[in-house]
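Shown here is one chain on its own, the form predicted on its own, set out as structure tokens.
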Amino acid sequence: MELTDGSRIAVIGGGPAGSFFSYYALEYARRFGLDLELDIFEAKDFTKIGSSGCNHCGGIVSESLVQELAADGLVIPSEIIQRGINTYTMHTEQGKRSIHAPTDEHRIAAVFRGSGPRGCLDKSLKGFDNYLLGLCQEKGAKLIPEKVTLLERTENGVMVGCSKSDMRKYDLVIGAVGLNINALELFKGICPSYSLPEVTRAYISEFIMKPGDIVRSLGSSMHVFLLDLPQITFGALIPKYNYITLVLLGKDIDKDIVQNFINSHQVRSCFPEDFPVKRALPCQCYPYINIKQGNNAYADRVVLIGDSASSKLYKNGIGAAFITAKAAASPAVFEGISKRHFEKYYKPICRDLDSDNWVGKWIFRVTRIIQKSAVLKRGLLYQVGKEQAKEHSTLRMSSALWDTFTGSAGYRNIFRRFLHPGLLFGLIRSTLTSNLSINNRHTHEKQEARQTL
């Protein structure tokens, strides 16, 4: 079970996972002297606006991914980037603090996955997914704009059927279908030991706003919210050119949870006073997100990648698509396409993501404790403010929070940094100092009130 000259690969799904696999598989084949045929099946048209061209994502490309892509010669064009993010502003009920990038490389990019939200009138917008598909086509991939309706094993291949064309036989089939339940069920038929990922609902919407108003309201900062609101693990406002993207992650987000978040003073203060927040949501969705990987996402001649297999908990789905796609492409070209090959070379990458997510769950449990505690949030704000105010300060807390928000580092790396004695002692000291200051001020105000009476 090896790819040879003339072998055929079907990639089901043309989002980032499918495109990254296609790009690297064709590049590795070129280096290895293999002539492969690769077809990408994608029913969506990423040049369209709204849901027909969208893959339901906040559209943040982390600095670590930007650098990895650049190292492989993939430089995201400026026309794809809606806005560069160089600071994070953290909001709590007790105040807010800005966290600047730990280094001078401000490479976090806000992008659209399609060509703009529903109702968008700007036809010049270009999406990230279409850009990646174009790179694959330049490498020699063929795009088939059809929905796959049948997958069937044969003795020496896999048959792929569509509603509008005849069945084709392929030597290798790649599942990059995200969390599309119907498509995943098709793969269970040819990958019987595969178990579907565990999912929950998130929320994404787009607010249209004049570019000048976005600059005045949000600047080039992604605004994140640590508020004591039920079922919300993470909330963010992401500035783009003439849109603001709202992302809510947590447990089964619904419209009531969304309204509670939008109605909070901290979120409302990020918009102009006269901006009609409640009536400004022409494009919104409740997409599923992967919170626990699917097991055994491979079989002879079949492998699933991206959200269909493993992702990063609450963060950086595009980054996880890159990791899993590249990890599957390498053994497929250089080693083989049997279950044994994928188990040896691909499974460890998925297992590593899963174990990192296990640590991430504990980080978010601690984050939830902080969200519920006014005392701890004052300490957190005080420590971040102190670090950001000093020119050559050791940014232990700031850099750990930066990587938590951006997904630029793994959760194990972040957890080790949070356990650094300097960070822990600094947080304890900041918590005591900030809360004693609050208590002293309240005592002083009460004394003045008594004297006035």
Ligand SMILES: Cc1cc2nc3c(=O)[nH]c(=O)nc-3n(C[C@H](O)[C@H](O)[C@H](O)COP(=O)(O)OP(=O)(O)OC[C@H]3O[C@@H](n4cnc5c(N)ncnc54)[C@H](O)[C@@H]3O)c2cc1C
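Only a predicted model underlies this, so the values are computations on that prediction, with no experimental measurement involved. The first residue of the sequence shown is number 1, and the count goes up from there.
Quick note: we don't show the form predicted together with the ligand, though the next part is all about it.
The listed set Y131, Y241, Y288, F275 contains one residue whose heavy atoms approach the ligand in the predicted complex to within 4.5 Å, identified as Y288. A heavy atom within 4.5 Å of the ligand in the predicted complex is found for one listed residue only; from K386, K48, R417, H56, this is H56. With the ligand omitted here, the record of contacts in the predicted complex names 39-47 of 66-74, 408-416, 394-402, 39-47, defined by a heavy atom within 4.5 Å. Against the ligand in the predicted complex, the set V224, I232 and G360 makes no contact: no member has a heavy atom within 4.5 Å. Using a 4.5 angstroms limit between non-hydrogen atoms, G317 touches the ligand in the predicted complex. By the criterion of a heavy atom within 4.5 Å, V148 is counted among the residues contacting the ligand in the predicted complex.
Interface residue remark: I60 is counted as part of the site for the ligand in the predicted complex, having a heavy atom within 4.5 Å. Residue contact with the ligand in the predicted complex: A183 places a heavy atom within 4.5 Å of it. Looking at 180-210, the residues that come within 4.5 Å of the ligand in the predicted complex, counting any heavy atom, are N180, A183, A202, Y203, I204.
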